[in-house]
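One chain comes next, on its own, written as structure tokens: the form predicted on its own.
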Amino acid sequence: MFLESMWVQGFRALAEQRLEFTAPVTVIQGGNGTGKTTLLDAVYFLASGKSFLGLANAELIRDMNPYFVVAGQYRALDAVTGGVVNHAVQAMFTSEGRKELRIDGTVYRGFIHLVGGLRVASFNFNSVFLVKGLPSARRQFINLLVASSDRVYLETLSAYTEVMAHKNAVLRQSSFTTPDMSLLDLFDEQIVRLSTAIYAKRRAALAVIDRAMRQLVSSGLFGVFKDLVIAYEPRAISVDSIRALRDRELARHACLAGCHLDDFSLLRSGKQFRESASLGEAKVAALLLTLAGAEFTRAATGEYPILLLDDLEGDIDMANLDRVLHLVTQFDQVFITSFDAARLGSGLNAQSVNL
């Protein structure tokens, strides 16, 4: 997978940039506030329809601009023929909240259609929340990872989100009127069915990621984490178990069971890693998880995702930085932000972009 060109307008720090990429590694240089992280965020947006910084679409619009546009042309393996296919994508969001997405000339209204096209693996300063943060950060990680290579998972997840929205609407209305219990029963049945399917997909993906982590550790790059493993044991769910929560759900006006409350853990020597890990350890472990996720994508699709590495110099010591940079040469395309490209060494066959 390779992003050949990109156009960004009115997207956070970037007024307008038109770029072409020709080398396996692109080093994005510049001082604070020049837009290095923003450019990586724009690539991530083309893959997910979201910001990796957790910003809402309206927050991505540059000050004084009425909209943002992020567009790109990329090539990827065709899942059916195995050949290389070229794609063009353009996403626009206006200050009035209007979305417009064009993929290979077809117009869509929702950015969810970006998922499964361009694929990325991203590491940035927010990645520490994969280890130290709330379950929502880990759910977002696994959801995008699996959905990017599995259309059925994406459709199941979308159906689940819709059912949840309908159920929560009924629960909120219970403050003003007697809720339709038969309708809530129907929603509960759908939640069980969809959650069970989602749990199975997540379990299979996390097993692959766990094996990839172990292989990376055995290579010597992350030797300090030789006893780090992924644990995933979703809470058993049934119609009866959800209905047992009915009174609490009505009181809180929210669904209290289902895969939207799911989580996975990193364990070290059998204990929760997030509780004992230093900030530095959490950052390196997040990088390990990111690279293992990229191995999952390669196994599922036949090609590596585009790797986005933001400010490695600030998060990784020089010894590990050298090892990581050696490892990334197996990717077809890597974007790295840097204050000083010379620190990254000369063996990367890199193209420089100065902002």
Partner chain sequence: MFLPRRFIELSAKLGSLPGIGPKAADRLVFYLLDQSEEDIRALADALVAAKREIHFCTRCGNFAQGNLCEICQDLSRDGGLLCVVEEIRDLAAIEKTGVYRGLYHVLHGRIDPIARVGPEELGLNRLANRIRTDGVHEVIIATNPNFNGDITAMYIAKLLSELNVRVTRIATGIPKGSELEFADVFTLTQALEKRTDVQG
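Please read these numbers as outputs of a predicted model, since none were measured by experiment. Numbering follows the first chain given and starts at 1.
As for the form predicted in complex with the partner chain, it is not shown, yet the points below apply to it.
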request  = Could you spot which one of N86, S276, Q215, S182 gets a heavy atom to within 4.5 Å of the partner chain in the model of the complex?
outcome  = S182
request  = Let me know the one among L77, L250, L186, A200 whose heavy atoms come within 4.5 Å of the partner chain in the model of the complex, would you?
outcome  = L186
query = Quick check: do H166, A169 and Q173 each get a heavy atom within 4.5 Å of the partner chain in the model of the complex?
reply = yes
query = Which of these stretches, 277 to 285, 77 to 85, 202 to 210, 157 to 165, has heavy atoms within 4.5 Å of the partner chain in the model of the complex?
reply = 157 to 165
query = Is Q73 close enough to touch the partner chain in the model of the complex, meaning at least one heavy atom pair within 4.5 Å?
reply = no
message = Contact with the partner chain in the model of the complex for Q190, defined as at least one heavy atom pair within 4.5 Å: yes or no?
response = yes
